[in-house]
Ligand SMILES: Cc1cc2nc3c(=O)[nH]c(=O)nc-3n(C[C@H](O)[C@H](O)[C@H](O)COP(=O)(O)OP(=O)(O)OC[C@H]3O[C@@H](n4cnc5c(N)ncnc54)[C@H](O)[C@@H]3O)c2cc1C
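Coming up is one lone chain in structure tokens, specifically the form predicted alone.
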């Protein structure tokens, strides 16, 4: 096929009858990074995005930052953030459950990722103030993830990447571990497209209640899906049925404590509650069940949804007082307010006597220290189980504020295994022309836990690797 600027978005539906060098399945950050990189190598590229155009982009629509390594600060990050520190943060967040070889590769390949992104239309907002750890490690998108995606789609279209929206993949035609073609439907009409290589970047299966319940049981009915409703896992299941090697815990994935009043799907970043480190969290029995001050929030927020998921009815409640109400991002739903702990218990549906007992025990255990919301400070409890190791201050200044919590799942980490070239495996043999990027292979690096902005890192780095390798294969065959 001639290597020339290909198809605009308006021509894409006519393009499905042609063969391509590279087929990209998915439409989020990882898919776009793969598509643009493959196209820049001279390969012809078609993207199949399951969602309609107005909801394109998968979970990346809700992203707000990317974490990447850099030697110096600039207008959107402060200071340096090197490979070793990045890896230490990842190991802390995952408890060491990561493929360290591929983790180092991901971190190394992220060096100065921001420059690559800006060259393809990304605009970063100025570095944050008052959040020192995040301001140094994470670059935030001006306009959020949707603005980033709009820039990427415009760049991809300008390069000649063809995109078909509303394209639901039904099957993949494989032969001896090689991709041949994909069968998909658009508005009920079936199509078959051939390509020399395929990149699968179709996300996880968190928006598939039946599949989620198969691993989590009845608890899954109480999960809220923070991201796109289009990540339902059909392509992953197709790969599994064809014998592609999988990796990752069936019950793992970034799961954040979100406001229980959030919608069942597509709640996004605004449904997350960031106040948990500055107060206490209790279950339906009005008892604390975990150390709210274990670590800095960017390293530990991805743990709390799973903790709530393990409690009765997957429910918990966060309580702070007026000293702490201004220390975190404002909530999209107003907090429940009360002038006493007993009144708060009644409003949350908890036993007033038990909640008063819990708060009194916590207050009595707090030791004097120097409070610092941006660092691991010296404010802790003593003689209390579970302990609170940082940011422990008595809940003694009304009005009091409370939030009902549910597990908010971001994506699943049971996916396909890949190597350093982003190639999928059949047994121990790597496929010559099948690649994966983004959430569908994130379990390789995220055995458990999460690190703020790292999902976008995985998608960006492995998207570029997959696009480069797929483009090279497509150009040579």
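Here the structure is a predicted model, which means the values were calculated and not measured. Positions refer to the first chain, counted from 1.
This protein has a second form, the form predicted in complex with the named molecule, left out of what is shown; the following refers to that one.
Of the candidates 37, 410, 44, 444, 410 is the one whose heavy atoms come within 4.5 Å of the named molecule in the predicted complex; the others do not. Of the listed positions (201, 319, 308, 161), a single one reaches within 4.5 angstroms of the named molecule by any non-hydrogen atom in the predicted complex, namely 201.
A residue is said to contact a partner when one of its heavy atoms sits within 4.5 Å of a partner heavy atom; residue 433 fails this definition for the named molecule in the predicted complex, lying far away.
Put simply, residue 51 is close to the named molecule in the predicted complex: some heavy atom of it is within 4.5 Å. The shortest heavy atom separation between residue 424 and the named molecule in the predicted complex exceeds 4.5 Å. Although the partner is absent here, residue 448 sits far enough away that none of its heavy atoms falls within 4.5 Å of the named molecule in the predicted complex.
Contact with the named molecule in the predicted complex, defined as a heavy atom within 4.5 Å, is made by all three of 30, 169 and 439. Partner proximity in the predicted complex, defined as non-hydrogen atoms within 4.5 angstroms of the named molecule, places exactly one of 281 to 289, 202 to 210, 93 to 101, 328 to 336 at the interface: 202 to 210. Applying a 4.5 Å heavy atom cutoff to the named molecule in the predicted complex picks out 226, 227, 228, 230, 231, 234, 235 from 211 to 236, in order along the sequence.
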